[in-house]
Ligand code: HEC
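Just the one chain here, laid out as structure tokens, in the form predicted on its own.
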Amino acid sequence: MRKTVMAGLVLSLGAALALFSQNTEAPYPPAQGEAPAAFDGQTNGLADQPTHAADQVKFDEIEQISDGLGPLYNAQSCRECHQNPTSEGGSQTAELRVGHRGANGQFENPSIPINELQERVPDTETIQATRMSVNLFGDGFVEAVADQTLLDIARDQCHSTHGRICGQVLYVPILEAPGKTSVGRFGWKDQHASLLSFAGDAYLNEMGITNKLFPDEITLLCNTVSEPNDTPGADGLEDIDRFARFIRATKAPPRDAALAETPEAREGSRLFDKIGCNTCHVRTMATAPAATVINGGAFTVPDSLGNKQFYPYGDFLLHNVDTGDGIAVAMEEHYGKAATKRTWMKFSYQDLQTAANKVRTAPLWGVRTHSRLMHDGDSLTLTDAIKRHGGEAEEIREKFRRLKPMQKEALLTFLRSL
């Protein structure tokens, strides 16, 4: 049965954020070795522009029942949840996730009853939380980061903070490479390391469309289309192949270049590091060299993604900052029925449980396009979001609290430039 329910929470950002003008982006090409950054709809070089545009058409396409939509679904298009400021961005849409603790004290997913084709959340599901759709811009560069880079960040965090801040690494299944795993980096729980796995998961769990990675329907109720719904086209590619290629070919979120150059933003940038925000919101990362084989052998880093420096302001690791909801990664939902019967290298089901109250550090690139912050969208201002940081981030939150008013405003100005 379906395990997520659309919460239907929408807050308009206004036409001003619908499309960023060129003066909010870097007015010059990226330096050699830097990832291109812009909200201009142009390819980063992984695909040619006509292919990228055609992939966007698929990403934006409204799915119909004849395409395999449903019978239960949260959206009819990828764009519905990833559209601000353009396709691939985040969203002001929130989803409701629910569950309960079993007799062993571990998180368990519910079997959601269906009455007259409507999902109902039983009173027994005492754990309930909202999740915001995540930004996908620049995720091709994130996918191309070597596992060892993320492992080194986690190790260095723990060492430099004397154990106060220790990002958790999850090894998660690569569904297109059965038996293989990699370090998770996508989704609020780091449940995927591969963009193809991520796309297949979303196609089933958000739109109810089965595919080569998720061939089993959530429910057979009112199912009228043969399986899998997502079938190869004349070129042998399925929709999820095009979705993954589209995401891989997007540019990174750009900064507001004019605001970033102001003295106030520069001072805020210095304070960001001084109080320790950069411990988890890591400024800079680099991708693996071109021709590096990743995703269990299923993908080779191309020249357009290889040896590129980018600025995510995130570490893509799991942390407990006292905003966790107790919801663990659901094996069947995110890896499919067949995956639960397979042995995966370096994979630990218990690690999924220990991460139940942790969330991935939100990358701050593009944060100025978000009207609702944190994984649950419950923070409406940057100050509110900072003040909610506890747990591993408590000491840094207190350092922010002790800043002078002008210093706080400088730090917020810096964040508004991201």
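All residue numbers are counted from 1 along the displayed sequence. This is a predicted model, so every value here is computed, not measured.
Below, we refer to the form predicted in complex with heme C (HEC), which is not included among the displayed structures.
Proximity of 52, 56 and 286 to heme C (HEC) in the model of the complex is absent: no residue of the three has a non-hydrogen atom within 4.5 angstroms. When heme C (HEC) is considered in the model of the complex, only one residue from 35, 382, 46, 352 comes within 4.5 Å through any heavy atom, namely 382. The listed set 86, 149, 181, 323 contains one residue whose heavy atoms approach heme C (HEC) in the model of the complex to within 4.5 Å, identified as 323.
Of the stretches 340-348, 203-211, 102-110, 295-303, only 203-211 has residues with a heavy atom within 4.5 Å of heme C (HEC) in the model of the complex. Under a 4.5 angstroms non-hydrogen atom cutoff, heme C (HEC) in the model of the complex lacks residue 310 among its neighbouring residues. Heme C (HEC) is not shown here, and in the model of the complex it never comes within 4.5 Å of any heavy atom of residue 229. Taking the partner from elsewhere, residue 186 is found to have a heavy atom lying within 4.5 Å of heme C (HEC) in the model of the complex. Proximity of residue 75 to heme C (HEC) in the model of the complex: non-hydrogen atoms within 4.5 Å are present. Contacts between stretch 373-399 and heme C (HEC), counted in the model of the complex as any heavy atom lying within 4.5 Å, involve 373, 374, 375, 382, 385, 386, 389, 392, 393, 396, listed in sequence order.
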